[in-house]
Ligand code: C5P
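Just one chain is shown here, as structure tokens, and it is the form predicted on its own.
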Amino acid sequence: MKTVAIIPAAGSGVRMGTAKAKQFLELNDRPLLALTLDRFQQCTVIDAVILVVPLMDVEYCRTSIVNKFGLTKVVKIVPGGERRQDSVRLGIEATGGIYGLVMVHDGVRPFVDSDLIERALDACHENRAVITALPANDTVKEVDRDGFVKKTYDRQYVWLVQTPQVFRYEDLISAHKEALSRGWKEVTDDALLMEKMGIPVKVIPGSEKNIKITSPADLEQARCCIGALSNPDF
């Protein structure tokens, strides 16, 4: 089955506290988003990429990222929605239904590698929904609104979810349509929609290198790691 990667990058980056949205901040003289897209450009199992960005940044992304860095797999750049789930849905609709598998990956995870992408896709040939994640190293507690502990989870069953995530096209578009019609809001990842639809979600090991850059501390960590980009084992 052909595979399309949807890269949602329509956030405003409030937590970063910068005038420029986080996906456009630079590492190694390239915008974060360009680094992320290049990982999919170089991965042979990805047939096409659809980029979802704020409306006012569509032309900038076309000229200063996609064209400038030769990202030929980006077949469409579409305006995003109010929430992440809206942006992903708009990206799915833009595929035209010609791809059997849809991979969703955060635009601000620039250190994803081909091995992780390929492992996720391989797993989706046997499972309808696949997510990448890391097992929790710390104890996880649920607290109430007043800050008191309600429950402590057995951390051997707790995983910290990453992207990429991979789904069958028909499952994903149906789930997003259902979310829209039922008013499901604040869906933080597409796997939650699969859960709501009763579709089993397979978890495979992610990568500690695959960090999500959303805060100044994350950006500093990425700057410490950026030199490793030249290392083929990174």
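Start at 1 and count along the sequence shown; that's the residue number. Keep in mind that this is a model prediction, so the values were computed, not measured.
What comes next is about the form predicted in complex with the named molecule, which is not displayed.
- Looking at Arg128, you'd find every heavy atom of it more than 4.5 angstroms from the named molecule in the model of the complex.
- The shortest heavy atom separation between Gly91 and the named molecule in the model of the complex exceeds 4.5 Å.
- Although the partner is absent from this view, Arg84 contacts the named molecule in the model of the complex, with a non-hydrogen atom inside 4.5 angstroms.
- Though the partner is left out of this view, Gly107 does reach within 4.5 Å of the named molecule in the model of the complex, counting heavy atoms only.
- Stretch-level contact analysis of 141-149, 74-82, 91-99, 114-122 against the named molecule in the model of the complex, using heavy atoms and a 4.5 Å limit, identifies 74-82.
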